[in-house]
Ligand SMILES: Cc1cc2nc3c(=O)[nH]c(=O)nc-3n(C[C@H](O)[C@H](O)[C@H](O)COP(=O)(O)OP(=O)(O)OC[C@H]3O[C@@H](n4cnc5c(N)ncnc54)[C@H](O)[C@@H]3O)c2cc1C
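Just one chain is shown here, as structure tokens, and it is the form predicted on its own.
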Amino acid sequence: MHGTPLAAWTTLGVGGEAAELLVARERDQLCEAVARADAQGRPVLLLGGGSNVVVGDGGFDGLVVRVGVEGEREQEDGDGSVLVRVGAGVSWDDFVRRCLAEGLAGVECLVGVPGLVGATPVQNVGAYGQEVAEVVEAVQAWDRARGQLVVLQARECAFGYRDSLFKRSDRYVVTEVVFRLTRSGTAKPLRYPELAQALGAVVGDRPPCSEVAAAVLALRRSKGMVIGPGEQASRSVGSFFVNPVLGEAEVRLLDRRFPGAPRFPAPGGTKVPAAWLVEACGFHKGYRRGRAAVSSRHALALVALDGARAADVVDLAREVRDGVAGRTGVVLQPEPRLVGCQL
């Protein structure tokens, strides 16, 4: 398809046209399309569910490949472990719900997360105390540098907080993800205080997976973080900024300016909720700039209002980032991928 408006392929609903768009439903079709474009020197943009990308109003002058590779198969691996191989184009939320129905634990806190399976290791998707990295066994990918399919074990994926080898480079095109889950109706130990409180439990408890998933969905809906008809988040990318992890000097500076700011221990430093920083710096829920606004239900979701362009969302994101940096010294980093635009 030539001259395809990318706004229709993203949850924000903004963005210009693609020079060409291909929906690749088979693994070989996906790999061959990328290899051919690389050989021709054409830019390539891989698109999943469009829930974590902001495409600029100028569009993308190259080949956009919508990853649509399906397929799912299970293999028992002893001691209650189950290896599940899932195509990169499978809906993540559909996959999680099938796991819940089959009594597979390990992803129950990630219900309601939009997007496709192939994008989850790229971003190391996480929510309510769980991260995809904890259950990824291996990732199959097309290696654009070597021109062949490869399998990377979890230890080779360099997972970090909302980070991975795949996010730092466009060398790999994820085609399949292998997850190691547990055959159990009991959830993994709770880590997130808000979720534990919602369940009437304490951190460390292990309620049934079904109860955990229901509580997570209720929390996500209360914050406008569920994609669907009538949901405000349907015109956003979810959390626009990553929760910053601060060093000691940054924490001391923040405490001088905002005594009592919430924080949590995190690998490499202290994590501070980005949503709290946004609101503390004057960007309240419902704050509006032109045709973009801070969600009325969660300060980290930036919403494209009717008639919005990508520039409207980017301008608001830049205002929020600069406002927080000016008042706290903390520079928030965007969570979605920015294509043809920058803050």
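Given the structure is predicted, the values throughout are model-derived calculations rather than measurements. Numbering starts at 1 and runs along the sequence shown.
The form predicted in complex with the ligand is left out here; the points below concern that form.
- Stretch-level contact analysis of 171 to 179, 202 to 210, 260 to 268, 71 to 79 against the ligand in the predicted complex, using heavy atoms and a 4.5 Å limit, identifies 171 to 179.
- Residues 5, 61 and 340 are none of them found to lie within 4.5 Å of the ligand in the predicted complex, as judged by heavy atom distances.
- Though the ligand is absent from this view, in the predicted complex it lies within 4.5 Å of a heavy atom of just one residue from 122, 195, 272, 104, which is 122.
- Heavy atoms of residue 126 reach within 4.5 Å of the ligand in the predicted complex, making it an interface residue.
- With a 4.5 Å cutoff on heavy atoms, residue 85 does not count as touching the ligand in the predicted complex; it lies far away.
- The ligand in the predicted complex is approached by residue 46, whose closest heavy atom lies within 4.5 angstroms of it.
- Proximity of residue 335 to the ligand in the predicted complex falls within the 4.5 Å heavy atom cutoff.
- If you take 46 to 69 and check each residue for a heavy atom within 4.5 Å of the ligand in the predicted complex, you get 46, 47, 48, 49, 50, 51, 52, 53, 67, in sequence order.
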